[in-house]
Ligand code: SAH
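Given next, in structure tokens, is a single chain: the form predicted on its own.
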Amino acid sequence: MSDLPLTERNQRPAMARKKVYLETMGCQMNVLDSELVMGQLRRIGYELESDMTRADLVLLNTCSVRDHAEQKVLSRLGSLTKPKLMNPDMIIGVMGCMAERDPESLIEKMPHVELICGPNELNKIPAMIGEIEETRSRAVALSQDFKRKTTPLERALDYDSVEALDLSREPDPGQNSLQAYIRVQRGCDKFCTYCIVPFTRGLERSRPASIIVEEAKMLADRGTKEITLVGQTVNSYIHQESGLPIKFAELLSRIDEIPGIERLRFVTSFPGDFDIEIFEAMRDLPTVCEYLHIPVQSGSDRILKLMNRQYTVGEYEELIGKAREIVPGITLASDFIVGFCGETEDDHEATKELIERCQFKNIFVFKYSPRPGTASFKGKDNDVPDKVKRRRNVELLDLQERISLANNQSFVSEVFEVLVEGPSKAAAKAREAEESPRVQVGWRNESQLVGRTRHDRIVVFEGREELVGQLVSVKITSATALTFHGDVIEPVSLGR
């Protein structure tokens, strides 16, 4: 007990909180991982810092899907050499898939990195920080070797470790709680020949439905209106409950019943595992949005076989046809890899033809990047020149832009339900510059807001800030390939 009088003790300044710079690269799974790690860090006295040179702790949540993502991490770590020399107490850490894939290289190239944590060990980060502060020695937490021979016991122990992170969830009270991710599964069993995920995140494990539903209820109680369920192959979700299998459509149905949840989305789906019951849930459940991200990767059967994708172009198109038949107005997005090992001009043309036939809302295109440890890295030549990959990338994006523009412009004068997310990029940039949030060019003298339709189309419109978080009706007045512009008609009441 202090000998100071009570009044003097009360006047003593509070201990300053430590600062953490946390940068996230990669997929929605990494975004969620960072949010959960930040919740743990807040509990041990950290707060976010936007300048990494002023942080006590720098954490980079990394992606290994492409080499470019890893090079970005190495560049960022290199820039921290001088700040670390100036502040030896700064802790620099790498977490996520790159840490799991190649920890030895990180240690060799970046000796100032003291914390290395794989994606399935993130719940250990607070303890690792304590160990580093006490011993000033490197702390490393990595998963066991993920191979097909992994035993059920090893998988159960690994599941317990990663589940602890999700169960620790504590949303930031100062953060916008309108939208949130919930993890429904980890890992992947598909072993596509180009993909590193099974080796960095492990084999597929689904979380208990009851825990997922409780997490959704907790978020709804905190004001969340839109939930996105995330998994490497989210539609293949299945978990035993009381001896019975709970599949993904049943999980959607249970979350749909939660009061306060207005919209329910999910990413990313695997074509070979799709269940018609999921389409029926998208059609029948009020909260489930009519949007599906379902990567195909190539329009060539020959390339799909080399990728070990486990379906044909014909089977993929049949699935797309069923989706459009069962779910009126559904919008579709897809992923493509250009320049995979052995891809010819004929294969590339087949991909372009598939895009024309499918008429996606949007696509994501990536140049093939060999990943050490994958089957394509070991057994196939990366024989498509980078110049050719760039050309094919541009051709696919240009084709999709034309399709998206024509498709979006067909909706001018239509009215959509929009969930208002916040200020538009232009309005936010103006505020950051301490200028008026009113945007003059092309708009009346009101703030610009942005939101999304149930079909995941971005809509920019004028409106009062009080509309943020509400569902409103917006009449579309113009459209680009990426964005709708419109006018608010009235708020939408769903009666939930």
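In case it trips you up, residue 1 is the first one in the sequence shown, and so on. Only a predicted model underlies this, so the values are computations on that prediction, with no experimental measurement involved.
One more form of this protein exists, namely the form predicted in complex with S-adenosyl-L-homocysteine; it is left out here, but the text below deals with it.
- Listed stretches are 390-398, 328-336, 211-219, 408-416; the contact stretch with S-adenosyl-L-homocysteine in the predicted complex is 328-336, by a heavy atom cutoff of 4.5 Å.
- Residue-level contacts in the predicted complex: of T268, N362, Q179, S143, one residue has a heavy atom within 4.5 Å of S-adenosyl-L-homocysteine, and it is T268.
- In terms of contact with S-adenosyl-L-homocysteine in the predicted complex, the residue from V65, V450, L471, M38 that brings a heavy atom within 4.5 Å is V65.
- With a 4.5 Å cutoff on heavy atoms, R309 counts as touching S-adenosyl-L-homocysteine in the predicted complex.
- Although the partner is absent here, P83 is not a contact residue: none of its heavy atoms lies within 4.5 angstroms of S-adenosyl-L-homocysteine in the predicted complex.
- For the chain shown alone, R76 is not a contact residue for S-adenosyl-L-homocysteine in the predicted complex, no non-hydrogen atom being within 4.5 angstroms.
- Remark: F279 does not count among the residues lining S-adenosyl-L-homocysteine in the predicted complex, judged by a heavy atom distance of 4.5 Å or less.
- Against S-adenosyl-L-homocysteine in the predicted complex, the set K18, Y21 and N123 makes no contact: no member has a heavy atom within 4.5 Å.
- Counting a residue when any of its non-hydrogen atoms is within 4.5 Å of S-adenosyl-L-homocysteine in the predicted complex, there are no hits in 106-124.
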